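Only one chain comes next, encoded as structure tokens, the form predicted on its own.
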Amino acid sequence: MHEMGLADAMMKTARRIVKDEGDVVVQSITVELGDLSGVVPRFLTECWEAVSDGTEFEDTELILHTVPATANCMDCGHTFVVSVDDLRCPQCRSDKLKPLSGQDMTITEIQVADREDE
């Protein structure tokens, strides 16, 4: 389950980003998951809970947003939103596709608050 490694990497990244912010608590981490990223949102959430347990991120909310994937058909040139259940061009039914978006996993926001405000 690669989601465990991803959750651990997110925690290390958040720790590195906020280390110079002083005495803060990370309230939430927002992540965009592309439909073709191969990441299962439920598994990532469960892994986040496991890796953050007993750490300074124990109460940090993980917010996930799914990003649709787009592709370009290499046969007919049609650009479209990809359905992960049907990886074929809706116009010509070709399976020769060039992914344009939706393959990434990106931390888009880390919300912090001063520890004394908590």
Partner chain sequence: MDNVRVIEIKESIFADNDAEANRVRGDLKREKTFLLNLMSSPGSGKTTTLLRTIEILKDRLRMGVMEADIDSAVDAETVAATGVRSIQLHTGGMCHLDAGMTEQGLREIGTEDLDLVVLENVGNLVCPAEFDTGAVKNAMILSVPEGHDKPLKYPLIFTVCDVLLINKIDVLPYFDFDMDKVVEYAHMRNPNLKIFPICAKTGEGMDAWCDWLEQQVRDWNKEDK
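Nothing here was measured: the structure is a model prediction, and the numbers come from that model. Numbering follows the first chain given and starts at 1.
If you look for the form predicted together with its partner chain, you will not find it shown, but the lines that follow are about it.
- Contact between A9 and its partner chain in the model of the complex is found at the 4.5 Å heavy atom cutoff.
- Although the partner is absent here, C47 lies well away from its partner chain in the model of the complex, with no heavy atom inside 4.5 Å.
- A residue is said to contact a partner when one of its heavy atoms sits within 4.5 Å of a partner heavy atom; T70 fails this definition for its partner chain in the model of the complex, lying far away.
- Using a 4.5 angstroms threshold between heavy atoms, V40 stays clear of its partner chain in the model of the complex.
- Residues of 7-30 that come within 4.5 Å of its partner chain in the model of the complex, judged by any heavy atom, are D8, A9, M10, K12, T13, R16, I17, V18, E21, V24, V25, Q27 in sequence order.
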